[in-house]
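The chain that follows stands alone, in the form predicted on its own, written as structure tokens.
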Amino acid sequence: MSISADNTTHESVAASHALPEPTEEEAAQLEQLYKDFAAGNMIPLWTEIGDLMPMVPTPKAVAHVWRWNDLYPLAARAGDLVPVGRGGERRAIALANPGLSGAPYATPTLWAAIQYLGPHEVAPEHRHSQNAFRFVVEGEGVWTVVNGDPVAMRRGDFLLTPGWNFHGHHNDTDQPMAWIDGLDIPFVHYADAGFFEFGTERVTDEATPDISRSERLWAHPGLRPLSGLDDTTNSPIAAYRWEHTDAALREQLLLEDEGHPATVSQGHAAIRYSNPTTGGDVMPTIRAEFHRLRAGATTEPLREVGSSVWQVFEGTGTVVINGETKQLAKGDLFVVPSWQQWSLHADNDQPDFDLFRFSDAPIFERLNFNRSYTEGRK
């Protein structure tokens, strides 16, 4: 559903319906009324409606960019100083949105972090209600073990750890590796719905197969095993491999060259990672996509209810959020808060501008709160 916005405010409407000034006696009665409200732990709507029911979303989160060239060295320093083990569990550094008063959240619903695992380190197994994923912008050599299934992590791979699945990680190499984690921690925390349980001290299977068991069963395009005909809340595929993502984006742009309607807009190819049992999102609270812009391509300015976090996978370009232009390079992460207008532009001197995106869109769609508005489009 789409919706446009105008300049009407609660204040402007109230000003056009101004009431006469109260008498001295009425003012005294009103003052006492508000004191009695406060004493009874009550707050009248008419004093709060502008904050509680704004004309359009007014997020506290702000647009912000975290530079990979800053993130990775700090994570490496943490690797030298902070051990991985039971208690702290993970060497993960959360991206804290400057508008959220010091909370370790990228947006009010989404958590994003850089996680760093040193040579031959093991992050012990645990499980939690929160849904999680990993996206790898560079490196390889780590296996994440999800419910006993070892899953190789490599550049460009999108890997799932749905809620209440035991998982741990082990690095089988002499080199460190870092990746980004995305979770719905803020949403689950706000809803008081979180559970956590410790697992084994290491991981249940330290094998290093090229392909996980879940991929062997499920990751065949258009083919569904008859042994798994029930719909599942989360995708049963543990890893969506870069070679498939890359091929899908490449073919969309080739089809565009041939005159077929395969792209989102001119020079803009995109895919959504999906659950093969439902055709819907990979997890109930998180949507994941990958976008590729040709050199010089620009997306239309868009507003959406709900927030998103992006990471540049390759190339350079800019994002314009609420009129502010931010330059982007490989590995950089940025946040688009709810209802803030955004658009992307790929630099002319790069072959492609590739970006990974995750958002809270499934939450708002299920609640029928989803709205969008494209500038200039009826």
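Worth saying up front: this structure is predicted, and the values here are computed from it rather than measured. Counting begins at 1, following the sequence as shown.
From this point on, the text means the form predicted in complex with a further copy of the same chain, which you will not see here.
Asks: Please tell me which of T208, T200, T278, Q175 lies within 4.5 Å of a further copy of the same chain in the model of the complex, judged by heavy atoms.
Replies: In short, T278.
Asks: State yes or no: in the model of the complex, is some non-hydrogen atom of Y105 no more than 4.5 angstroms from a non-hydrogen atom of a further copy of the same chain?
Replies: Although a further copy of the same chain is absent here, Y105 would touch it in the model of the complex, with heavy atoms inside 4.5 Å.
Asks: When the contact criterion is heavy atoms within 4.5 Å, does F334 count as touching a further copy of the same chain in the model of the complex?
Replies: Although a further copy of the same chain is absent here, F334 would stay clear of it in the model of the complex, with no heavy atoms inside 4.5 Å.
Asks: Just checking whether N131 would be counted as a contact of a further copy of the same chain in the model of the complex - the rule being heavy atoms within 4.5 angstroms.
Replies: N131 belongs to the contact set for a further copy of the same chain.
Asks: Is L30 near a further copy of the same chain? Define near as a heavy atom within 4.5 Å, in the model of the complex.
Replies: Although a further copy of the same chain is absent here, L30 would touch it in the model of the complex, with heavy atoms inside 4.5 Å.
Asks: Name the stretch, out of 51 to 59, 313 to 321, 326 to 334, 347 to 355, where some heavy atom lies within 4.5 Å of a further copy of the same chain in the model of the complex.
Replies: Within 4.5 Å of the partner lies stretch 51 to 59.
Asks: Let me test this: is every residue among P119, A123 and A295 within 4.5 Å of a further copy of the same chain in the model of the complex, going by heavy atom positions?
Replies: The answer is no; none of P119, A123 and A295 reaches a further copy of the same chain.
Asks: Just give me the residues of 72 to 93, first to last, that have a heavy atom within 4.5 Å of a further copy of the same chain in the model of the complex.
Replies: Heavy-atom contacts to a further copy of the same chain in the model of the complex: L74, R77, A78, L81, V82, P83, R86, G87, G88, E89, R90, R91, A92, I93.
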